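Shown below, as structure tokens, is a lone chain in the form predicted alone; questions about how it binds or moves come after it.
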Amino acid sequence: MAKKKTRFVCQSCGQEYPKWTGRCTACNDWGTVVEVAIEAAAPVGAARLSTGAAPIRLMDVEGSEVERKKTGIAELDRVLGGGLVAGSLVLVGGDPGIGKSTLLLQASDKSASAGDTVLYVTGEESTRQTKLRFDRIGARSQNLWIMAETSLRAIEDHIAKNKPDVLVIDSIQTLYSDEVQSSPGSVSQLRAITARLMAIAKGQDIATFVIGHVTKEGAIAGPRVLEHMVDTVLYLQGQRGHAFRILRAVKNRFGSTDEIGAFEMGDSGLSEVSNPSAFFLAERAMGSSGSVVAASFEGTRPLLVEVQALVTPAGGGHARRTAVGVDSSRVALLLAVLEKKAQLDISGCDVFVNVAGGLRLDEPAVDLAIAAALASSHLDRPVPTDAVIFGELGLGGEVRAVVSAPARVAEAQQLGFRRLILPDGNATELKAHPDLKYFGVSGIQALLDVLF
């Protein structure tokens, strides 16, 4: 009998090696390279899969809007781009215990209550354990089917029998295919199972959710090819000790990746946060130096968030620079502008910047608010509590206009703020309002003059 051929594959990134090595040179992980059997290749000349379709001109293809079905959870629909697309494959990742299974079980219950047949496959828990969560979230649907199974072949048989409209796999790392000779969760298994689930979803128009484990770095475990194969990749994020959860899309073939969904974890599962701005500002310390309300934008939604800064003399050695929720290199840039253009001596101070609530801000429109928080803490003078600040700060100390200023102002007005400190370019385009005061600033020194 011929000896079975094997190869060595990293279980973290999928890099292949001719022989075993203790450390993967691609991802630098130790102990992740394992030996796997090589599946038999198709014989030369074997028939290829074909749809039999002849090429046609792209302009002759009849376009149509993608039909979407509502999941019953408005925040989830927002992140998906308006709803769930039949035949799509959605990969959901997040830290252990963050609420991935709870979110999808709630969505499954609402979809089943709306008339869809839903099959929930759990490979990590028993049906009794899932029923406990089912009761905890107050689910009552009679059209939600559940099975505890890890064999892909058995799952396919149940799909053919029940013909579900929505399929949920919890989680893909627990499944195995008997056609692949490696352990569940290995690179070979993940590739084969994802490809098969994609074929099932597309071939039978089944909207499919797949839960994926994450690594210690926060990325979905397994090779990056998984994220390339699926239609949508969602991450459920949050900080331990905080009930607030954010659902964010990092890839979406059927919608924008700028939208976020806001949830709060409670005893009865995840509840939607319809007004995230009020949630972020609920516990804001009034009259405290270093605290500033920034007007940010996530997709089509304006958000008011609290930016906190603490500037204190360094105890010795190199000054520390710590940023949570914002890019640390961006903070370093703003500190340099404050020193050079506003003559604030911060070089010998420890600097800490934090975005309250666990949100991450990436757009440059929050530059002005971060700079104001840093100056407020350094001077120990609070920013007016009824002020909202937004604008981009350039290296020359100039303040540049940003997009969607009217929506930011409307959000601030709705929450009772009366002062808007914003770029001159945006202040001139806004209509006067009797209850609002606009303070247009053209540079960093003008900002400090208005505030202090």
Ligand code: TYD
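One-based numbering along the sequence shown. Remember, predicted model here, so these are calculated numbers, not experimental data.
Another form exists, predicted together with the named molecule; not displayed. Remarks below refer to it.
Look at 226-234, 195-203, 69-77, 96-104: in the model of the complex, residues with non-hydrogen atoms within 4.5 angstroms of the named molecule sit in 96-104. Proximity of T300 to the named molecule in the model of the complex falls outside the 4.5 Å heavy atom cutoff. In the model of the complex, K341 stays away from the named molecule, with no heavy atom inside 4.5 Å. M265 belongs to the set of residues with a heavy atom inside 4.5 Å of the named molecule in the model of the complex. Although the partner is absent here, G269 sits close enough that one of its heavy atoms falls within 4.5 Å of the named molecule in the model of the complex.
This chain is displayed alone, yet in the model of the complex one of R321, K251, H158, R136 has a heavy atom within 4.5 Å of the named molecule; that residue is R136.
Only one of R360, R330, R284, H213 lies close to the named molecule in the model of the complex, with a heavy atom inside 4.5 Å, and it is H213. Within 4.5 angstroms of the named molecule in the model of the complex, the stretch 342-363 places no non-hydrogen atom at all.
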